[in-house]
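Below you'll find only one chain, the form predicted on its own, shown as structure tokens.
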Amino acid sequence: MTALAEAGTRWSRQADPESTRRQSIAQVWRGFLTATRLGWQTEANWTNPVVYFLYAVCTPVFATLMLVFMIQVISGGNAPPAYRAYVVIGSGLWSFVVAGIAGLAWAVLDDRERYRMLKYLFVSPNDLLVLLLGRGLARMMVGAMGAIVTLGLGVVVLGLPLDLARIDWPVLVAAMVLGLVSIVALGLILASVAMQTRQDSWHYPEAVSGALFLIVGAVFPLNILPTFAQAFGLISPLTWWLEAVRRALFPDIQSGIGGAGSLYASLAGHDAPSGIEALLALLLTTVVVTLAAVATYRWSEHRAKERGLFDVTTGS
């Protein structure tokens, strides 16, 4: 009777594809939440949450303060508040970028080199991509804490001219959502690279984020760079993300993309993009990067499976 009951259950599931789909979605969601929780506990090293919070926000906060004080010294104390806002937003959000880009790549390296569990995760019922996204989200949560605290201190301590009534909330929300997608896509590309490379790829996320920091207008506008470097900046979604967030928070802030002599001004015919223009450019570049990331990851996963790269450790 038990065998008949089990057969009847299997037949009913096959006859009800909607039930099967719901179960599949629930399984993916459970796997994602479990991976996120594990990633958080791994990142926090199972320590007290308050202690880890203080540790997580120290680096971005002091990095931002260092840049602000350098600007004050160089300008002789005459740096305008709008430029301080420009620097605080760029450097504060950059901790979010670094954490997101590094999260997925370091998840691959952690599970392959340190814990040696990547091969077991690959053959588990959940898609490896879902598990990596969960692990990466945990690290992005750490970066988000640093970004929020940095921006808050910029308003309270440094006196940034933030007017809540002037914030363009639709543009801000849309920019943050698209920015999150683009950061995850860049992290997925680096995770794909990490699958194919040796243990020394621990340094790749920092190298990539350092290069991007130079060309996306994080702490200085693009128009001070050579034309070819500005071109690279204009095709990066992070450039448009920072521009859209700045425009949404401070409508009168200096543009990080346009300005006299900039490549953008020569191409667009006006000095600086509006918040909507930056948002549309962010949408376009995010779609391109996301499609490239998915294709790269699926190719890398297939190649790693065919060559047995999930089963090996590369550390000496």
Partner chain sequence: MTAAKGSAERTPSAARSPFVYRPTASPEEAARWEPRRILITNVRSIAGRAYPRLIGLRREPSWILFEILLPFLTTSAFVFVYRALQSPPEYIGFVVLGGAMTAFWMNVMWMMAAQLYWEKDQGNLERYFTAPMSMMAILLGMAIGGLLMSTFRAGIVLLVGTIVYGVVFSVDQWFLLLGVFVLFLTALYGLGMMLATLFVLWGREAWHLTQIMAEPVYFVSGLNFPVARLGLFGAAALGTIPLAVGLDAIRQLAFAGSTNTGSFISPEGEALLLVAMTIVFIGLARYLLRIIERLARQDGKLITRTS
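Residue numbers count along the first chain shown, from 1. Please read all numbers here as calculations on a predicted model, not as lab measurements.
One more form of this protein exists, namely the form predicted in complex with the partner chain; it is left out here, but the text below deals with it.
Colleague: Does I235 reach the partner chain in the predicted bound form if we count a contact as any heavy atom within 4.5 Å?
Modeller: Residue-level check for I235: no, no contact with the partner chain.
Colleague: Does any heavy atom of A268 come within 4.5 Å of a heavy atom of the partner chain in the predicted bound form?
Modeller: A268: no contact with the partner chain in the predicted bound form.
Colleague: Is T227 close enough to the partner chain in the predicted bound form to count, meaning some heavy atom within 4.5 Å?
Modeller: Output for T227 is no: heavy atoms all beyond 4.5 Å of the partner chain.
Colleague: Does V193 reach the partner chain in the predicted bound form if we count a contact as any heavy atom within 4.5 Å?
Modeller: The answer is yes: V193 has a heavy atom within 4.5 Å of the partner chain.
Colleague: In terms of non-hydrogen atoms within 4.5 angstroms, which of the given stretches 148-156, 237-245, 105-113, 177-185 touches the partner chain in the predicted bound form?
Modeller: Single hit among the candidates: 105-113.
Colleague: Considering A85, A144, V219, L131, which brings a non-hydrogen atom within 4.5 Å of the partner chain in the predicted bound form?
Modeller: None of the others qualify; the residue that does is V219.
Colleague: Though the partner chain is not shown, can you say which of L33, M66, A260, L291 has a heavy atom within 4.5 Å of it in the predicted bound form?
Modeller: It is M66.
Colleague: So which bits of 191-209 sit within 4.5 Å of the partner chain in the predicted bound form, heavy atoms only?
Modeller: Stretch hits, in order: V193, Q196, T197, R198, Q199, D200, W202, H203, Y204, E206, A207, V208.
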